[in-house]
Ligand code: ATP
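Next comes just one chain, in structure tokens: the form predicted on its own.
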Amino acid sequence: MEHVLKLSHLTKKYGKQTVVKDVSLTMEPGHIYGLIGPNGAGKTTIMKMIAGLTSPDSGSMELFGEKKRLDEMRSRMSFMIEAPFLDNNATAYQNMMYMRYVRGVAKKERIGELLEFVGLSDTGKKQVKDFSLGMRQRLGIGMALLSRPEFMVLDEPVNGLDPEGIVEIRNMLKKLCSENGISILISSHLLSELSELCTDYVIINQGSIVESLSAEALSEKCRSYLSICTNDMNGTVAALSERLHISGYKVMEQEELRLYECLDDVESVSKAISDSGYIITRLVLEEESLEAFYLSLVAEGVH
């Protein structure tokens, strides 16, 4: 199987407003994709189209390599969009039992296994209305796992959670992907919430994808560096290479040297340049956070 999901030029309008514009995305199996964008960017609409809850106005979709048998392919998936459907006056076990009937899951024992997995096996007769937000989200994920899906689509599952709750959900999803091979598409309006979870990121703004990149590429874009400007850039690079044996650097178009080494020894860098006879006009430690990178992309999309 080459991909679990392929969206080609998907567009969706509500009245005169285009909420999803020409979106194309391919998801590889065994990956966790983060769909990141501000509220109203079109994330939930994309997920609803994948789930079959609304239809695109144009474009096409493939699930598990199939273009025509989409409903059949959706039986291999599970969805938690906007918020898990829970009976507030029922227990975790009762909610799971109801979903077991809905999804046609034969083995009742699976409920106990999943409640253990999501950390809710000790809730007993406690009703969902008395659950914390994190407990409700974990129960929703447990219900989504009943049918042993190969692909999960989760809309803002960490929204509103405290840091401890975010870590719990993150570790749970990592385990599902690494140990069970489940592919996951997860949305959030905060890149930092998913920064330690996803293998790939798709950043969306105003209905359009503005950037699609791997976790490695994102890390490369956001790592710290020394921003150096001198009166002779070529000479500066040669001096640093000779005196400090550097190799991790990049010369930018604006006559700026970005040095990814020696970040904790700025004095040696400054001395190597000065002792070589070059004038330093800029020497600053820069750090572009994930949020700064994300916000810069979103800002570029605002006209």
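We number the residues from 1 along the sequence you see. Not measured: the values here are computed from a predicted model.
The same protein also exists as the form predicted together with the named molecule; that form is not shown, yet it is the one meant from here on.
A.B. asks: Does any part of Glu156 reach within 4.5 Å of the named molecule in the predicted bound form? Heavy atoms only, please.
C.D. replies: Yes - in the predicted bound form, heavy atoms of Glu156 and the named molecule come within 4.5 Å of each other.
A.B. asks: Given that the partner is absent here, does Gln17 sit within 4.5 Å of the named molecule in the predicted bound form, heavy atoms only?
C.D. replies: Yes, Gln17 lies within 4.5 Å of the named molecule in the predicted bound form.
A.B. asks: Classify Ala41 as contacting or not contacting the named molecule in the predicted bound form by the rule of any non-hydrogen atom within 4.5 angstroms, answering yes or no.
C.D. replies: Because a heavy atom of Ala41 falls inside 4.5 Å of the named molecule in the predicted bound form, the answer is yes.
A.B. asks: Picking from 32-40, 61-69, 253-261, 273-281, which part of the chain touches the named molecule in the predicted bound form when contact means heavy atoms within 4.5 Å?
C.D. replies: Checking each option against the 4.5 Å cut-off leaves 32-40.
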